[in-house]
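A single chain, nothing else alongside it, follows as structure tokens in the form predicted on its own.
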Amino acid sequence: MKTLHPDILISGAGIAGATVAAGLRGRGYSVIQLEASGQQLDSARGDHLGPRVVETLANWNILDAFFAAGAEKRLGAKWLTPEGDVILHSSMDDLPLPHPYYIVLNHDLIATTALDLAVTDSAFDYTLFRPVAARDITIGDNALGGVTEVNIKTPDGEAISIQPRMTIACDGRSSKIREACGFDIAHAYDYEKPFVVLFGPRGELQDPRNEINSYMSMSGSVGRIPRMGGQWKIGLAINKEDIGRWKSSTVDDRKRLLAERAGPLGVLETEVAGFYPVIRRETARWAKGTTVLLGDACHTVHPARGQGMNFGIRCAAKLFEFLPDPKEMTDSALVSQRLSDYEAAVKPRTDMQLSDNHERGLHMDGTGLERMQAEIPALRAIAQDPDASFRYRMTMAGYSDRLEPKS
């Protein structure tokens, strides 16, 4: 059996894993990455990356490749009444940021574009094994409770023992690394309402600012979300018992169902792209010894604010600040201490943001009346207060840590 000793093993090559791999280019680490699936990611899932993440992508020399792959800029978001009257406009392009915009890139293209950067960089000591799952996992004292060995078999039948100096688990909400290391789940919640996602051409609903429109109605909210290639993506929470109706719906049925929540959307010609259950899973810890969890492996996020991918990449950017130098990676005690320091520095603030996101998810599980009574007055108050508006928009952009404390 061949034995490999990479500085870093990345388990999973979804959004978090792929961008981490691309971000490690030029830093001097040897990296092995495992991905269980040979298929592309689901293009109907999240495809918007916020200004803070855009800054990280620029720092990691990824942003230009994303634009070359077709990424578009989004300049803000609006909350509206069912008739289309604006409640709150959350613009980005007037904020004092290095990249005052979101980028929109199809979910599957985010991962494939980032992985292509890692694979094609001849100066990067990087190997991707795909499709290969991390299943035969050994935990040991020399990794201080983290992963000491992962045995794999490549598609051509070669048996390989990978003995990493550090492991980053980016293998999703059913993480095998998390399970093997015994990370406990601190928060678990299954939201009542799944999401249905629709695709359709923009038609007469053009928007030069490429913004999200969130309509808030008694029938429930619905988001009109820009997508690459002149399309809208429509996302809305529905009752479980309505899934069958949406599955069998015609184009005209969907026009009527959308118009019940937002009159302006009743003209859209859409197709059903997918149905998605929504769950909350957050681990009590992020790091054990030389192993650290990232992205959905340590926290799944309700799509109420579209922050799932953004949380993963923002945490990865912080993680990079704590990594030992490549020449220090053989010191398992140092690696473990740095990962512990990273968790202590980043997890408390992230936990607060996750808790706030959970409250938003609970609102979406409530009735339309409950949500409107709770949120519309709060949104109007933000719109009428310049300081509150600035703080809200900076928070949405991912820069809440740069705000001055309220007096």
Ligand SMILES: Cc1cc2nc3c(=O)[nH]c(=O)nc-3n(C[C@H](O)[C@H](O)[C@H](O)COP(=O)(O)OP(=O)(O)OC[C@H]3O[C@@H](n4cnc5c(N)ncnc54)[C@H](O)[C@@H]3O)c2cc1C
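Note that residue numbering begins at 1 and tracks the sequence as displayed. This structure is a prediction, so every number in the text was calculated from the model and none was measured.
Separately, the form predicted together with the named molecule exists; it is not shown, and the next lines address it.
Screening 344-352, 59-67, 369-377, 41-49 for residues having heavy atoms within 4.5 Å of the named molecule in the model of the complex returns a single hit, 41-49.
With a 4.5 Å cutoff on heavy atoms, residue 316 does not count as touching the named molecule in the model of the complex; it lies far away. Although the partner is absent from this view, residue 14 contacts the named molecule in the model of the complex, with a non-hydrogen atom inside 4.5 angstroms. Using a 4.5 angstroms threshold between heavy atoms, residue 295 counts as touching the named molecule in the model of the complex. Using a 4.5 Å cutoff between non-hydrogen atoms, residue 170 counts as a contact of the named molecule in the model of the complex.
The single contact residue among 132, 323, 105, 237, judged by any heavy atom lying within 4.5 Å of the named molecule in the model of the complex, is 132. Interface residue among 197, 109, 87, 95, judged by heavy atoms within 4.5 Å of the named molecule in the model of the complex: 197. Residues 34, 35, 36, 37 are the ones in 24-40 with at least one heavy atom within 4.5 Å of the named molecule in the model of the complex, listed in sequence order.
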